[in-house]
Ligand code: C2E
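Starting off, we have a lone chain in the form predicted alone, written out as structure tokens.
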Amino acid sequence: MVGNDSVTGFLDRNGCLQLVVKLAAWAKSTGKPLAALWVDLDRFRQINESFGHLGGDQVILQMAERIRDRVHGRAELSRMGGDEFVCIAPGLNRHQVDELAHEIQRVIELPLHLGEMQLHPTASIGIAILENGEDPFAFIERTDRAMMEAKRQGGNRIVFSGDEPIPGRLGILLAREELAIENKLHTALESGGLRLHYQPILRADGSIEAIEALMRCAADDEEIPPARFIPVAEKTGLVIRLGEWSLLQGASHARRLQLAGLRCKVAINVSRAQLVDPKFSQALHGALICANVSPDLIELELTESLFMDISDDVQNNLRNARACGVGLAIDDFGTGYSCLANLKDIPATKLKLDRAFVKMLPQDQRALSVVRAMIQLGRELGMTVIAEGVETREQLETLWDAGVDAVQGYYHARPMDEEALQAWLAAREVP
């Protein structure tokens, strides 16, 4: 889940797993039972979509406080990320943990006020009892599977492990993988395993509109795909450190291009976590000063999820970026969280159409109609319109005919390292 990362004060996933290992050893030595309850709020995505991540954070915080008050003295509460919690209950047998689960369910169901609206939350709860000789991680995995079965049955249910079918989400395996990736990210930050690759964005006349900087990560001789390390970075908060590194490296590259006589804008991706941070403007200005680069050579690419939370901090950071001359581009437009009511409030200069529309061209006429409408919208708002994911000549010609200002994709160039980009630019004789 993206967002809802500002609720703190509870054991995290790693802390929970360490606690389970410790208490499993205690249960083995004492012969007493150990129970776990996995609590997942039902339909929480609707709350995020309706009230934004700030509203979602309020709900999670209140639910967490309710659960903590109810289990106090009987169980340790951990937050597993997003809207999921795990209670580890030493000494409780099946009957006692069942009673505790129903108490948690009842306290969650109490009406909750969010703004002027009264919500009636519910939760799905999975329960497992540690078996003799069972691996602690397998124990938590069974709890997760039981919760998933409770959700599959429609939510607002309590399911004991053993009452659910064996197939299910292997949550603990995912947790282990995420912990491994988190460790690799720390290693990459400390050992220089991060780098930027660059993909040009071209206008119809072949000139360069901008060059997008794309982060790559390698650690322990392993290349980690962005689709794997970015979600982990967002969950753990490492995305802010990665983002600050990317700002400085991208700005420095723009300066090197300028010194080489190639005045090209460099577009740098920024996350929601960065933009809700009041200190983001300081980080941006620091990168510009350290790189000694003109702000008009830097663009920030914003994810559509920002549309769900145009908070004061986000607005201030975006306004400050524009005030100092940095451009703003809305990335992957059209498939995620687009909200036209908020679009007018974002001081963006560029609109990037998501590749999901481009890949259906030119055969899909309905997709083409949507592309033309988004291009017209961008023009009315005074934005440059970019099409992403262009891979064929037919797509390219269709997009030029539709009126896009520039294109990006494998048809012209794949992402490449700085040395390869220099050679690519030199071969095109970019002025």
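Since the structure is predicted, the reported quantities are computational estimates derived from the model, not experimental observations. Numbering starts at 1 and follows the sequence shown.
Although not depicted, the form predicted in complex with this ligand is the subject of the following passage.
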Inset, instruction - Kindly confirm or deny that I88, D144 and S161 each have some heavy atom within 4.5 angstroms of this ligand in the predicted bound form. - result: no
Inset, instruction - Name the stretch: of 264-272, 75-83, 281-289, 202-210, exactly one has residues whose heavy atoms fall within 4.5 Å of this ligand in the predicted bound form. - result: 264-272
Inset, instruction - Taking 4.5 Å between heavy atoms as the contact cutoff, choose which of R355, R157, R241, K184 touches this ligand in the predicted bound form. - result: R355
Inset, instruction - Could you work out which of M360, I230, L114, V107 is the residue within 4.5 angstroms of this ligand in the predicted bound form, going by heavy atoms? - result: I230
Legend entry - Non-hydrogen atom contact D332 with this ligand in the predicted bound form at 4.5 angstroms: yes
Legend entry - S124: touches this ligand in the predicted bound form, heavy atom cutoff 4.5 angstroms: no
Inset, instruction - Please check if E388 has a heavy atom lying within 4.5 Å of any heavy atom of this ligand in the predicted bound form. - result: yes
Inset, instruction - Would you check, heavy atoms only and a 4.5 Å threshold, whether R322 touches this ligand in the predicted bound form? - result: no
